[in-house]
Ligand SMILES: Cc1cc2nc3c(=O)[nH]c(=O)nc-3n(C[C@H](O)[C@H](O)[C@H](O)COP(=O)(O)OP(=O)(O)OC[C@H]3O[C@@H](n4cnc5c(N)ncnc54)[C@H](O)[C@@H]3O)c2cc1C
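In structure tokens, one chain follows: the form predicted on its own.
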Amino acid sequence: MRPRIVLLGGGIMSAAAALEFRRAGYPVTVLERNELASGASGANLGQLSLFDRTEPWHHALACETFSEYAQLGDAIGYQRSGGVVVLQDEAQYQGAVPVCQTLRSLGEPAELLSGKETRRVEPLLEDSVIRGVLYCPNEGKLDPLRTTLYYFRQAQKCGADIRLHTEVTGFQTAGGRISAVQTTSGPISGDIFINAAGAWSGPLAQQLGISLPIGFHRATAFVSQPVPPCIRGPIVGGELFLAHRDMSLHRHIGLGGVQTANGSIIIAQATETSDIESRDVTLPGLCLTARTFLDHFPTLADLQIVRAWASVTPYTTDGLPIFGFSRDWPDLFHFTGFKGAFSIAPAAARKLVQAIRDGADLEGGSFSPDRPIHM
């Protein structure tokens, strides 16, 4: 009999894991305190990136995932559209050079473009205000909400038990092991518990005295009314991947944009410090984000904005994911902190199943929740 798996969290990582565990024959229960994809998985750009996956293990997970998404196609709104990192100045451009070289060594046809060349990949991008772009044609986009719900539906069809509005409030322990989680719907027992709760992974672990190297911030974006095709692929600013950001600062304004299948343009983002439960949208955040976007796409000044939102998103303090059992609680596996989770979720979920079944690991335990953190 396979051990009973209890997945904590209702985002894309949990969705992919639920499906893979059921395919491997494990009994699976998913616990989500709200609705599915009510956190970061339902509130992001849907960008599928390679620029921040230059490590061989990371690139391999992304390639495997992109191949799966290509087979799913319209079911999840997948498009292989290409994507660009906009390089604002010479420092970002020079920082992009080794990234481009590494991607090319991994087989990606990445290019550094400058001046009018940038119009070849994004015709409306204002080239006079930037140093250039880093472009990769194998990047893409999908509908994040549709994708998360698709994987959960498939898991449910395979027999996964998905329980909504079931908040974990504590853990029942005995003899150095977890026997059950306490929830608002009563205790739920299991054999192995998977912490895949995104920004809430840290607070959950803290209930057992575990301090994970994970933090969170509030990200704000907004969306326009549908317009004819004008942005080809996901666009992000060079500061996101190529420059260190001091996360102690109250507010960061970045460049982000993607046009959805129905023509709406999602514009992002203001990243601000906040309480973990905050969904506040700030006027300075919206205005500065809009100004940054229009500096780069001035011909889109007449877009009508129809909705804005904010969501709490996680990050790890050393930039690495958290993957492994806790030293003090050998039946609690942490599966969280993967940046740009949509780009690797299905492939990472298969690694998770291998870890539970065979004791396999990622990068020799470098992603352990108990690793020393060097800032």
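Computed from a predicted model, the values in this text were never measured in an experiment. For every residue, the number given is its place in the sequence shown, counted from 1.
What comes next is about the form predicted together with the ligand, which is not displayed.
Asks: Considering only heavy atoms, tell me if F338 and the ligand come within 4.5 Å of each other in the predicted bound form.
Replies: Yes, F338 sits close enough to the ligand in the predicted bound form that at least one of its heavy atoms falls within 4.5 Å.
Asks: Can you check whether W200 is within 4.5 Å of the ligand in the predicted bound form, heavy atom basis?
Replies: Yes - in the predicted bound form, heavy atoms of W200 and the ligand come within 4.5 Å of each other.
Asks: Against the ligand in the predicted bound form, would G46 count as a contact residue? Criterion: heavy atoms within 4.5 Å.
Replies: Yes, G46 is a contact residue.
Asks: Do P346 and the ligand come within 4.5 Å of each other in the predicted bound form, heavy atoms counted?
Replies: No, P346 stays farther than 4.5 Å from the ligand in the predicted bound form.
Asks: Give a yes or no on whether each residue among G11, S41 and L204 has a heavy atom within 4.5 Å of the ligand in the predicted bound form.
Replies: Looking in the predicted bound form, the three residues G11, S41 and L204 all sit within 4.5 Å of the ligand (heavy atoms).
Asks: Can you pick the one in T316, S311, T29, T54 that has a heavy atom within 4.5 Å of the ligand in the predicted bound form?
Replies: Only one option qualifies, and that one is S311.
Asks: Considering non-hydrogen atoms and a 4.5 Å limit, which listed residue (T118, T166, T147, Q79) is close to the ligand in the predicted bound form?
Replies: Only one listed residue qualifies here, and that residue is T166.
Asks: Name the stretch: of 288-296, 129-137, 90-98, 212-220, exactly one has residues whose heavy atoms fall within 4.5 Å of the ligand in the predicted bound form.
Replies: Going through the listed ranges, the match is 212-220.
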